[in-house]
Ligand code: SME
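First comes one chain, alone, set out as C-alpha cells in the form predicted alone.
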Amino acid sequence: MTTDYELMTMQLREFAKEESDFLPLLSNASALIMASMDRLNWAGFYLIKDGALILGPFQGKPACIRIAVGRGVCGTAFDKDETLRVENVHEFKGHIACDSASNSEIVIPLHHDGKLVGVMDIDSPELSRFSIEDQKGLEAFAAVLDEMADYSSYV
C-alpha cells in the first residue's frame, strides 16, 4: 500500500483549523498515521518537559513514559534536532526497546515558534520499513504541526 501523504497532511490541516490545541491535534495526528500507513506498530509523540521527553498522545501498545534527551532514537533525534530514519533499531547504539516487536523507526523533531518542543515517533515491526519518500512525507506532515499546533499552554 502506498501512503497518500498529501491527503494525510490535508486532513491534519483541517483538524488544525478546527482546533489548534496541541493535545487533540497530536491525538488525531497519531490516529491519522496509524490509519493511513501500513506495517506500523506504534505512532505517537514525546514532548519536552523538565529536560526529558515525556510520552504524549499515541496509538499502539503502552510505551516508555520518559526518555532522556540524547538517549535512544527519540532522545538522539531531539538532541540533534534532525530526523532519524533507522533501518534496524537493534543496531542503533543505546536503542530503548519499549516494544520488542519494533525493528525500524523514524523520529522527526517538532517545533513551536522556532523552539524544539518534542518529536514524532513511528515504529514498525518490519526492518527497513521507512523510505526516503516516507521521510519526506512525514516531515511535511510534521511541518503542519510546527505551523498550526498551539503548544503555548504546554511550553
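Start at 1 and count along the sequence shown; that's the residue number. Worth saying up front: this structure is predicted, and the values here are computed from it rather than measured.
Only in words, not in the display: the form predicted in complex with methionine sulfoxide, which the text now covers.
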Discussion item. Under a 4.5 Å heavy atom criterion, is Tyr46 part of the interface with methionine sulfoxide in the model of the complex?
Written reply: yes
Worksheet item: Using heavy atoms and a 4.5 Å limit, would one call Cys98 a contact residue for methionine sulfoxide in the model of the complex?
Response: yes
Practice prompt. Check whether Phe130 has any heavy atom within 4.5 Å of a heavy atom of methionine sulfoxide in the model of the complex, and answer yes or no.
Written response: no
Item to complete: Find out whether any non-hydrogen atom of Leu110 is located within 4.5 angstroms of methionine sulfoxide in the model of the complex, and reply yes or no.
Response: no
